[in-house]
Ligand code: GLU
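Taking the form predicted alone, here's one chain by itself in structure tokens.
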Amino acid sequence: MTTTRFAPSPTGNLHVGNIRTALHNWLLAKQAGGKFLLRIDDTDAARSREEYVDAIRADLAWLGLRPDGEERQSARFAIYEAAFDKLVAAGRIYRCYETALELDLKRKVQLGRGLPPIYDRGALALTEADHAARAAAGDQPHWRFLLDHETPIEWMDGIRGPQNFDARQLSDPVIRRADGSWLYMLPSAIDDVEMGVTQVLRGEDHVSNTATQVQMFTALGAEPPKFAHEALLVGAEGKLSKRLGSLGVSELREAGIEPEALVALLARLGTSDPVDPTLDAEALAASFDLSRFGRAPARFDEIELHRVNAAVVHHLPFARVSHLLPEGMSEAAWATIRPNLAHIGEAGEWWQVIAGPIAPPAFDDETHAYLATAAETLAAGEWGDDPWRALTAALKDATGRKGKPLFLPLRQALTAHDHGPDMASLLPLIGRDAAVARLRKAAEG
């Protein structure tokens, strides 16, 4: 079974880049009828916060991305410890003591000699007596994973194609600090094995991590999952944007963005496929294809997001939005004003047009006379299935007006706007008595 995972650290709120990663993993699993798992990477106890865990869950739920299971790394330390002991016994993890200052000095020396600034494995020369002396002096080691320099690192990336790394050009990664706390690399690989993850889809900034983790999977006696690394998001101007690193669900919701719009845009961002705001989650999953993703940075444009949001709002059914609308607003009213909205929050303005009161603009004397005629025509005429057509037809015959001089003063007097929803749909919602009263008031000036 295809199993994907989304593994955020609860050290802050999700931003739009995180959301895109979560969505793509969810789509990948849904397309294959598999499982989408949430893993909370909370090994950093000093920075992890429970309120961020709650926010991550809430954000995913708002987007409709409901995990099929959840794990927390802080509850899995015994699993890591057991795997760690086996790797130590197998000679794949070793103790080191260099300080950050010493490592920085080594890197500078290597760079000065034209060599790659990677760890020189100096700690491998230490004897057990050396380690005992360190321990007696109170020095606690940090731990590195020993890369196999004889085995090429290769995988077929779902987006980037064939990938090849020379392990001799990579540093043996630190996997555990001197205080016993874990860094990202090894626990993540252990979790992917234990959780049955079959596909890892993440940003291209993890490519070098993957090169190291491929060997970790082998050392753990497991087949590596399939990997795919997608291009990172950039702003509309084509540059990395600090705003993208802070733009989260709360900011988007405050801006009136609907989850369907964000999903529609992010599902296709990075591909040449057009964004289709009419597609639901099932259709988006069916069309999700890693081969459609390019290597170029994916541009996120907030202006485009608002455009997609307007298109989504124009298709939302009343049942989906009824709890967000002004009290008393009917399904017919929603259907009438929906095409004029960019955000659901604008519905209140148009409901005010329907329910009143309104403040029409000032008119000249000729228009006052025309509106008075309109008021009496509407009051005396039949209120049938299409009162707007009946009213304008009668006024055209009575006054000789047509086009804008016929329609615009009526719209302004009835709605206080120069444009808006179709008057044929709007007038029945305003109602005969209210419409006549508005026309008479506007005629009086």
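Keep in mind it's a predicted model, so treat the numbers as computed, not measured. Numbers follow the displayed sequence, beginning with 1.
Just so it is clear, the following notes concern the form predicted in complex with this ligand, a form of the same protein that is not shown.
Residues of just one listed stretch (36-44, 376-384, 49-57, 412-420) have heavy atoms within 4.5 Å of this ligand in the predicted complex: 36-44. Interface residue remark: residue 188 is counted as part of the site for this ligand in the predicted complex, having a heavy atom within 4.5 Å. The closest heavy atom approach of residue 121 to this ligand in the predicted complex falls outside 4.5 Å.
Taking the partner from the other structure, this ligand in the predicted complex has no heavy atom within 4.5 Å of any heavy atom of residue 443. By the criterion of a heavy atom within 4.5 Å, residue 206 is counted among the residues contacting this ligand in the predicted complex. Site annotation in the predicted complex: the residue of 363, 184, 165, 155 reaching within 4.5 Å of this ligand with a heavy atom is 184. The partner is absent here, but in the predicted complex a heavy atom of 202, alone among 320, 368, 202, 86, sits within 4.5 Å of this ligand. If you take 1-25 and check each residue for a heavy atom within 4.5 Å of this ligand in the predicted complex, you get 5, 7, 8, 9, in sequence order.
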